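The chain below stands alone and is given in C-alpha cells; this is the form predicted alone.
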C-alpha cells in the first residue's frame, strides 16, 4: 500500500495525543475514507466530515486499501483532516495495474492524485430532523495520461468533480438498529473516476451522475450495507458500467476501522465482468 503505510503509522502515534475528545462523535459516525479520499463509504462520498472531531475540534484519518478484481488491481492510500465538524480536506493516491495474466495496451501502471475538500452546509447526521447536507470538490490529476488520451481517446489528464451529498443516521430505526442512508449527486467528466482520463474527443463532456449508500449497524462495532455509483460512460472506444458493492465494516475502537467488500465494477476499458474484493484499514482520530 506504498506511502500510506507510513502515513498510517504516523497518524497512529498522533492519535495518542487525543486531538478529538473521547466524548465527541459516536463510534462509527466518522465514516471511512472512500477510494477518492473523502469521508464516506468505500466508493461513495457521504455528507459526513471525516474524523471524530466535533464542534471546535480537529479530527483526522489515514487509510490504505485496495480493490482486486478479475483483471485489475487498484491500490489506494491517503489522509484527511476535519475541523469543527464543518470542513474536510483530503488527499488520495491511486495506483491501477493490470494482472500479470491479462493482455492489451495497458502495459503500464496508471497513477492518480486526488485533492479533495468538503463543507457541511447545514443539517446534522443525527440530532436534527433533516439530513446533513455537504458540498464537495475533488481535483483529479492522472499521472500517466498516454493510455487514456492516446489509446482510449480521452480529452484531458485532469478534471474537477463537484458533488452534493445528503446523509442521515436514524437511531434504533430498523429492528432497534441504527440505519444510515446517503445520496450523492456528482457533476463529473471523469472516466472510471479519472483513471481512464477525463472527457472524450469532443471536449470535456461533464454530466450529472447518481450515487447512493445504505448501512445498518448490527451493534456498536459492526455494520453491513451496500453502495451504488453511476459512471458517465462518455468514451466512444470502451463501455463504462456502474459500480456497486456490498460491505462489512468493523469499528473495534475509535482509532481503527476495517472494511471488506464484494465489488462489481462491470466493464472497465477492455475487460468485462470485473468482480472481486475490496479491503481497507483506517486509523482515525
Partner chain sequence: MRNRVLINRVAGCGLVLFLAGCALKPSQQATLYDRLGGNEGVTAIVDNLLYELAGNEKLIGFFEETDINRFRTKLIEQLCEVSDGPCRYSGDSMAKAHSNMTLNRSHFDSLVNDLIAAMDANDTPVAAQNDLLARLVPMYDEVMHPQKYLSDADQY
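What you are looking at is a predicted structure, and each value in this text was computed from that prediction instead of being measured. Numbering follows the first chain given and starts at 1.
Only in words, not in the display: the form predicted together with the partner chain, which the text now covers.
Student: Just one of 126, 119, 141, 108 has a heavy atom within 4.5 angstroms of the partner chain in the predicted complex, so which one?
Tutor: Only one listed residue qualifies here, and that residue is 126.
Student: I'd like to check something about residue 200: if you look in the predicted complex, is any of its heavy atoms closer than or equal to 4.5 Å to a heavy atom of the partner chain?
Tutor: Looking in the predicted complex, residue contacts with the partner chain do not include residue 200, since no heavy atom lies within 4.5 Å.
Student: Do residue 95 and the partner chain come within 4.5 Å of each other in the predicted complex, heavy atoms counted?
Tutor: Although the partner chain is absent here, residue 95 would stay clear of it in the predicted complex, with no heavy atoms inside 4.5 Å.
Student: Whether residue 24 contacts the partner chain in the predicted complex should be assessed with a 4.5 Å heavy atom distance threshold; does it?
Tutor: The answer is yes: residue 24 has a heavy atom within 4.5 Å of the partner chain.
Student: Can residue 255 be called a contact residue for the partner chain in the predicted complex at 4.5 Å between heavy atoms?
Tutor: No, residue 255 stays farther than 4.5 Å from the partner chain in the predicted complex.
Student: Name the stretch, out of 144 to 152, 68 to 76, 192 to 200, 171 to 179, where some heavy atom lies within 4.5 Å of the partner chain in the predicted complex.
Tutor: Checking each option against the 4.5 Å cut-off leaves 171 to 179.
Student: Hey, which residues along 31 to 63 are within 4.5 angstroms of the partner chain in the predicted complex, non-hydrogen atoms only?
Tutor: Those in contact are 54, 55, 57.
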